[in-house]
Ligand SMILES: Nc1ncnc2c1ncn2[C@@H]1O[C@H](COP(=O)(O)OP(=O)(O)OP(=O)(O)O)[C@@H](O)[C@H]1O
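Take a look at this single chain, the form predicted on its own, given in structure tokens.
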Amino acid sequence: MIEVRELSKNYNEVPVLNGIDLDINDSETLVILGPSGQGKTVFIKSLVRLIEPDSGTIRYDGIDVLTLPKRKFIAVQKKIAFVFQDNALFDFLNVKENLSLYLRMHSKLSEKEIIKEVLRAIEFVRLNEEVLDKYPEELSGGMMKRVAIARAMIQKPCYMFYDEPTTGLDEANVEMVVELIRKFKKRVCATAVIVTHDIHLMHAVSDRVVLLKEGKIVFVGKKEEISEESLHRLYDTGVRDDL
């Protein structure tokens, strides 16, 4: 379980996160919904300490990770996988090298065992072995997203985080991502946090939904409880630069 209390972050004295309180339950898919500029990405990156908040607490299974020195936070990081909006693949490594890097750094597996895990991950995201020798610049947007999800699978996380996983994808690839998020939940990691502005994705995968507006939570509950009027009010807003 992840418990967030009074989480705040300012940029240039402008509040981006404004005292957020939220519990993320084990084995749930929590979707944080809202248009660009409302603090969604700052929030999800704060949860994994890619961004350090100004104040508040974030507890993973009772441990306040914001008070941990970076070297002790590594043990928590090993339980976390993050799929970035831009995928964050290393452009100087091919797909096989991108996928095997984590295991080479954090496991004692043999080369044969590492390749076995890489092949299993590629099969999981429905790509063939021919992709392994390709570099990110040779892949389509949909293929890069699937490789990013495959890399997360290799980590075997306890907590899965997705930042805008369908942005820039066509309809067919959006449906592929929806399928993979569902499959990931069943076979790899049951707890997921997804930041998105995609209402279709929210309806397709969420157990609970958070509506975030101007750095504040304005709704937490089931998707069935969200009215069209609430969504209209959420999206009918002036926004800052994407945060």
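Numbering starts at 1 and runs along the sequence shown. What you see is a predicted model; the values in this text were computed from it and never measured.
Heads up, the form predicted in complex with this ligand isn't pictured, but that's what we're talking about next.
> Identify which of L211, V188, I58, V42 has a heavy atom within 4.5 Å of this ligand in the model of the complex; exactly one of them does.
Exactly one listed residue reaches within 4.5 Å, namely V42.
> Of the options Q85, Q155, N94, S100, which one has a non-hydrogen atom that comes within 4.5 Å of this ligand in the model of the complex?
Checking each option against this ligand in the model of the complex, the one that comes within 4.5 Å is Q85.
> Would you check, heavy atoms only and a 4.5 Å threshold, whether P53 touches this ligand in the model of the complex?
Contact with this ligand, no.
> Give a yes or no for V16: in the model of the complex, does one of its heavy atoms lie within 4.5 Å of a heavy atom belonging to this ligand?
Judged by the heavy-atom cut-off of 4.5 Å, V16 is in contact with this ligand in the model of the complex.
> My question is simply whether E117 lines the interface with this ligand in the model of the complex - judged by any non-hydrogen atom within 4.5 Å.
No.
> Does F219 reach this ligand in the model of the complex, with heavy atoms at most 4.5 Å apart?
Because no heavy atom of F219 falls inside 4.5 Å of this ligand in the model of the complex, the answer is no.
> Looking at 59 to 67, 175 to 183, 28 to 36, 198 to 206, which one sits within 4.5 Å of this ligand in the model of the complex if you count heavy atoms only?
Flagged stretch: 28 to 36.
> With this ligand taken in the model of the complex, which residues across 162 to 191 come within 4.5 angstroms through any non-hydrogen atom?
If the 4.5 Å heavy-atom criterion is applied to this ligand in the model of the complex, 162 to 191 yields only E164.
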